[in-house]
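Structure 1 and structure 2 below are two forms of the same protein chain, each written out on its own as structure tokens.
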Structure 1
């Protein structure tokens, strides 16, 4: 994990130089909640962010990270932020739809094509537009980190065409857009808490699940699955959220440190995420799973099949939000 920290050194030095000599920095303790384990790429981001904060505050702040939902799941932690009883959480956007439905835009199938496109969208005007919605929920979004592209694993057959989805019992997140997407593809989509997935796969209660390669690897799903198909059907970002009631008590200089250091952590975390994704894919292959890509023609048919998911969920997300993201993606793609 620590191998990625050197990339943040220049940014840390730049930040410390940029701060005024009379910066109003108090002694503070910040608790960071996470739903992932410390060896996840989020750990790299937190470590880089912590190093940056230590440098910028001359070690006046104490950063305590809590892993694997030790302080509650993502939604519970976000609610603690809103009430001012917790400082920070790194959360996937999907559970936060319960707080801000517009975040469901990131769950739309095949919205984002690749990592460069994701970075441009999230770090650009649309990302700021979404972040600007958070203060009304007593949240401050400091930066977007990466959960990654989701892929399908199963115990039945390689998925190489639209027909291959038919009848497959697929665990999906407890999220209406994912449920709609996989029902539309012809599967028997089953909402299920993540902690139940391994046992359900092992006992045959379900045939399949979908997650980034890192999760498939670290959750050892390769022990109870035979096939992985490179569907890349959704890209999920993490949000680095801070409690607005607590944030508002910080000085402007302290607020700037949080924002700048979250971005330092972002760059390190994304680099780690993409490197580890490649390593996880290789471990999945080494474990004996058959991994397949999907042809462009077949992928076009799959994308066409789920196009209606956009219209059916536009009202819950906000038609203006869907229109705005599509307009910005078109500009990013030079269309």
Structure 2
């Protein structure tokens, strides 16, 4: 990690040295909104991005990160970006379907099977294709960071088969595809903003939620849940979004610094996400939760049950987008 930072810092320095002495860098303040807690891997990504920006701008910019939905939830923050009243948000793609329905493609159950696939898809042509949809919504996607593979936690029982989902009151993200998936699995699914989940679990208004281990850990859901099941039913990317009205007022050099440093942050963030995942799982176990894997047979049954979600939501996502992701994934898988 250290070596990487040093290398990328050197690259940024080389970039600024090659340009006339910082003539195009003004003083800026960037507020970054986040739903997660500061000890989430997004914190590592923001720290690396900030360090990169400080070097590249010679400390001309002030970066203020806000955690745990302090500036509003993902969707509210993204709306603030669009109107130019907030600079940046690191948001799951899922709540953003309200802005760009095609982003729902990432919510299709069991679409991405491992991290290498996720990286190839998001950092390749398909990721660019999706990012190119954002400027028309007054948003600029600087990079894809990682939220990760989602797992179900609940207060009722281990989920080891399709039947175990039945009747469970599950919070889902505000997203029609997640809603369809969890209704199809037989749960009583309720869309809810992330910031309300802890209290809803604590008061028993809901039984269950689903998020990657690092989020279950850093948002302390283990305090109000008893079971975690390794469902890996979806991989959620984070978009590192910047306000286009504000971005457009930056010089080209400043825009380049933002893009480059978001990529520096990405690599640190993903690495932190992956190395923290096992530690988070261990903390969840140490907190006394029962964690279970699901047998291959039961998993096959669960996958079959939700297969229809693809066709039912192809129109809202865009059939061409679904086809494109499938083609790209087939290529990545060497099929």
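Positions refer to the first chain, counted from 1. Definition used throughout: the rigid core is the maximal C-alpha set that superposes within 1.5 Å between two forms. Everything quoted here is computed from the prediction, not taken from an experiment.
Trainee: The form predicted together with D-xylonic acid (TK8): is that structure 1, or is it structure 2?
Mentor: The form predicted together with D-xylonic acid (TK8) is shown as structure 2.
Trainee: Any chance the CA of residue 255 moves 2 angstroms or more between the two structures, core superposed?
Mentor: Residue 255: C-alpha displaced by less than 2 Å between the two structures.
Trainee: Answer yes if the Cα of residue 72 shifts by 2 angstroms or more between the two structures on a rigid-core superposition, and no otherwise.
Mentor: False for residue 72: its C-alpha shift is below 2 Å.
Trainee: Does superposing the core leave residue 63 with a CA shift of 2 Å or more between the two structures?
Mentor: No; residue 63 is a residue whose C-alpha shifts by less than 2 Å between the two structures when the cores are overlaid.
Trainee: If the rigid core is lined up, how many Å does the C-alpha atom of residue 291 shift between the two structures?
Mentor: Its C-alpha shift, to one decimal, is 3.0 Å.
Trainee: How much does the C-alpha of residue 192 shift between the two structures, in angstrom, given a rigid core superposition?
Mentor: On core superposition, this C-alpha lies 4.1 Å from its counterpart.
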